[in-house]
Ligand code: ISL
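Listed next as structure tokens is one chain, alone, in the form predicted on its own.
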């Protein structure tokens, strides 16, 4: 049985998320694949990452780009074969890179054998899901879906099934002990193949306490019946004690709508549930309740949120991008005059915070949101469903286009820009989704050759973090600072670092607490002792 000491490999790890469809295509069909990932392992090793979080590569019809799984023990032919997957695990291990699989267990695909048998009337498999008779002329309850619309779909036989996401993603019934046995068997299958853990998709909503009507809300009516339930905690504790603790795993949960207190319960080491959690509050800093309706981004609010979570959690999972969010330079930085400076700032900030830093593919070269021409370029099912919901609410096309293009998840799903060629070094074929035209100057090849590029800044910052006791295991404390400037310390027994982040496009006067500037995104000759330039990042050492 693994002990807490044997899990420490992840406590100073840097983890890189790969969205396989968009990472690298090895066979010219326009879709990224496992062979493409294998071909870039040395790139990832050179970058300095310790583990890969791999978005789903399981068999799937692809309605939600792999988050609708039809067979958990098989590989999507678009991505390769099980032999390819085993080769990836083996070759990554040789380079000292671990693989973390995406585990989607709130729902399956409607193509999954279990659901197909349920639709055919098999009583065993009907109880794997939530099938219920309607009430009156409508659904069994008033719950809403995360993707817009109702959370119930009517079957040909006249009853309904529950899906908190797409109708192609029916929710599993975790009250059924057979479901527990099936899923834990799947966990062991992959852990025995050598993966190092899981990123658990929407893990804090898997257990439905009841199917009663919910309090009516603008969105997600019904969430009080499934969000952070006691049954969910009990399930995760069982996963940990009966499966995860038998291996040297790292388990991180995607936890929606959590408060710091919720997250503490889910990730407290003494409760033996998750090792870390992804929270979303900082990603919603510019939204009006739901992400599609924006308000002005204010760096001071981002600082307050990050500080709150740094104080609340022992090991936060820190990130500024993933496959469900827009690109960080669009969200928190500047894609114009200060594109390079702001991308470096976000790198420095992410890798300086206490916790486990996650980097999303392309983030390390400063990739930006997509340059889609219109809604026809969008592939994302969530965006499609929201567009349909807006149509029903009589939003005109120009408004729908603006809201969706600025927020769609596809902004982060355009292919990684490896070079400036027509296929961006991603593919020799027709890419599954439009490649951004700025590949001409934002690409790995050019940035590898430029000593002062964003990519090389990432390499240096990762190396700095790994060699710094304060960043690896030090305490965190925020320091008073001017508006929109984030200053905090990371301090270990033998090292104290002050981290300075000017999150604006304006020069800011600051007070410095040390004079040994050891890292930053300006050459030392340009530093001015009393000022931070626009989007400037500095690490300053101070005597203890």
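As the structure is a prediction and not an experimental result, all values here were calculated from the model. Numbering follows the first chain given and starts at 1.
The form predicted in complex with this ligand is left out here; the points below concern that form.
K.L.:
Taking any heavy atom pair closer than or equal to 4.5 Å as contact, tell me whether residue 410 reaches this ligand in the predicted bound form.
P.N.:
Taking the distances in the predicted bound form, the answer for residue 410 is no, it never comes within 4.5 Å of this ligand.
K.L.:
Counting only non-hydrogen atoms and a 4.5 angstroms cut-off, does residue 327 reach this ligand in the predicted bound form?
P.N.:
No, residue 327 stays farther than 4.5 Å from this ligand in the predicted bound form.
K.L.:
Spell out, yes or no, whether the shortest heavy atom distance between residue 169 and this ligand in the predicted bound form is within 4.5 Å.
P.N.:
Looking in the predicted bound form, residue contacts with this ligand include residue 169, since a heavy atom lies within 4.5 Å.
K.L.:
Mark residue 146 yes when one of its heavy atoms lies within 4.5 Å of a heavy atom of this ligand in the predicted bound form, and no otherwise.
P.N.:
Answer yes; at least one heavy atom of residue 146 falls within 4.5 Å of this ligand in the predicted bound form.
K.L.:
Among the candidate residues 353, 256, 118, 195, which is the single one with a non-hydrogen atom no more than 4.5 Å from this ligand in the predicted bound form?
P.N.:
It is 256 that has a heavy atom within 4.5 Å of the partner.
K.L.:
Please identify the residue among 282, 291, 98, 225 with any heavy atom within 4.5 Å of this ligand in the predicted bound form.
P.N.:
Checked against the cut-off, the match is 291.
K.L.:
Report the stretch among 196-204, 440-448, 128-136, 370-378 that approaches this ligand in the predicted bound form to within 4.5 Å, counting heavy atoms only.
P.N.:
So the stretch in question is 196-204.
K.L.:
Each of 11, 313 and 358 having a non-hydrogen atom within 4.5 Å of this ligand in the predicted bound form: is that the case here?
P.N.:
So, no: the whole triplet misses this ligand.
K.L.:
Can you tell me which bits of 64-85 touch this ligand in the predicted bound form, meaning any heavy atom within 4.5 Å?
P.N.:
64, 67 sit within 4.5 Å of the partner.
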